[in-house]
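Here's a solo chain for you in structure tokens, the form predicted alone.
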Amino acid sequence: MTRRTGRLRPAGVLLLVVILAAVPFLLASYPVSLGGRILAFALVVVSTDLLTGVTGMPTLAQVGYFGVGAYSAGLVGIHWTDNLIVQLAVGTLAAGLLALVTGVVAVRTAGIVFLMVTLAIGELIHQVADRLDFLGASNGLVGIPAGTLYPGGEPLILAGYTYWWALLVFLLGLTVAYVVAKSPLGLSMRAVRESPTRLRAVGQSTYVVRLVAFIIAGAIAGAAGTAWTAQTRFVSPGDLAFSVSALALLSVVLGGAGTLWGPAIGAAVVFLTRDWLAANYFTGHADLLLGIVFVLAVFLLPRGIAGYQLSRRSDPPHSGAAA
């Protein structure tokens, strides 16, 4: 029997990275800008999958930490420096620290209670962003300058340059998530999902494992927020809304929970459906289209996009009847 594996072949990964890096040479400015936003959202979905799929902790809070990273990067750009590396560091750290503070309480719960607690965390961050004047309140944070890569460098104004920055942040975040998932910590995270009693029996604290996973996922979402700000140079409380959190969680289901790369593809499908297909061909029907996509996914891809690919690799020949 062939063992099922979630590994991607290095040659395939390299080819995909080359294709993504070539996007600014192949497409016009708007599609490139849209691609950059997709990468930022996909990284939020990866952080969601790190909790939901790998650790078994379905969450609706990751968009909140994404907003913390986005607003932190914007405030740093306005009041301190336009250096994107500094903004990335500050936004990631701020989101990670908030994940630590909120996670101390959140990870004490489980199941539907945990889901509701993370929903409350996300909504609390959303409401704070909507009311504080120094964050722009409901009008959003405006006046964010174009970022630079080094002091005195040229601002990254062209869509291709900001896209490449978003791609770099996405690859860094995905690499961190992948390394964590494959590390001994990742094995403990899967043990929390599969059998927390056995994990406690061997002397490990499920609380500590869950908290560390929560912090790492929050920090990755914050990094995604800084990539978003670098492109849009504007952050709105609408970017932190519950609907975005729901789309992130549904992208995990669509892509294949626990695979990391599958949910990233799911995020691209969701974003393209909502912001390209609906905007250009079915104006005003984005929710309807997304609903159709998810209904079809439930029936045709019950294990998600990645799950379908893995099942094709692992199923032996002539196994259709058994399946």
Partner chain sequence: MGWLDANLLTMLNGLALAALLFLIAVGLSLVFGTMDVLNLAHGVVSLTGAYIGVALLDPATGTIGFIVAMLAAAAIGLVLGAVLAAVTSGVSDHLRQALLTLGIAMIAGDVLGEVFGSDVRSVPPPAFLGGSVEILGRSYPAYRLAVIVLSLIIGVALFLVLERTKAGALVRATVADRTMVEAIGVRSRLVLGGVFAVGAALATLGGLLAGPVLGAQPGLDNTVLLLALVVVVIGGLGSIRGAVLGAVLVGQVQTLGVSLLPDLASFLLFGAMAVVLLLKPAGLLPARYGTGARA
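Positions refer to the first chain, counted from 1. Worth saying up front: this structure is predicted, and the values here are computed from it rather than measured.
The same protein has a further form, the form predicted in complex with the partner chain, not shown here; the description that follows concerns it.
**Q** Assess the spot marked by P58, V128 and L288: is the partner chain within 4.5 Å of a heavy atom from every one of these residues in the predicted bound form?
**A** Yes, because P58, V128 and L288 each have a heavy atom that approaches the partner chain to within 4.5 Å in the predicted bound form.
**Q** Go through V142, M116, V101, I157 and name the one with a heavy atom inside 4.5 Å of the partner chain in the predicted bound form.
**A** Exactly one listed residue reaches within 4.5 Å, namely M116.
**Q** Would you kindly say which of I85, L124, A146, A137 lies with a heavy atom within 4.5 Å of the partner chain in the predicted bound form?
**A** Here the answer is residue option L124.
**Q** Please identify, from 63 to 71, 33 to 41, 50 to 58, 259 to 267, the stretch that has a heavy atom within 4.5 Å of the partner chain in the predicted bound form.
**A** The contacting stretch here is 50 to 58.
**Q** Flag F25 as yes or no: does it have a non-hydrogen atom within 4.5 angstroms of any non-hydrogen atom of the partner chain in the predicted bound form?
**A** Contact check for F25: no, nothing within 4.5 Å of the partner chain in the predicted bound form.
**Q** Would T109 count as touching the partner chain in the predicted bound form under a 4.5 Å heavy atom rule?
**A** Contact with the partner chain, yes.
**Q** According to a 4.5 angstroms non-hydrogen atom cut-off, is L172 in contact with the partner chain in the predicted bound form?
**A** Output for L172 is no: heavy atoms all beyond 4.5 Å of the partner chain.
**Q** How about W276 - does it come within 4.5 Å of the partner chain in the predicted bound form, if we only consider non-hydrogen atoms?
**A** Heavy-atom contact with the partner chain at 4.5 Å: absent for W276.
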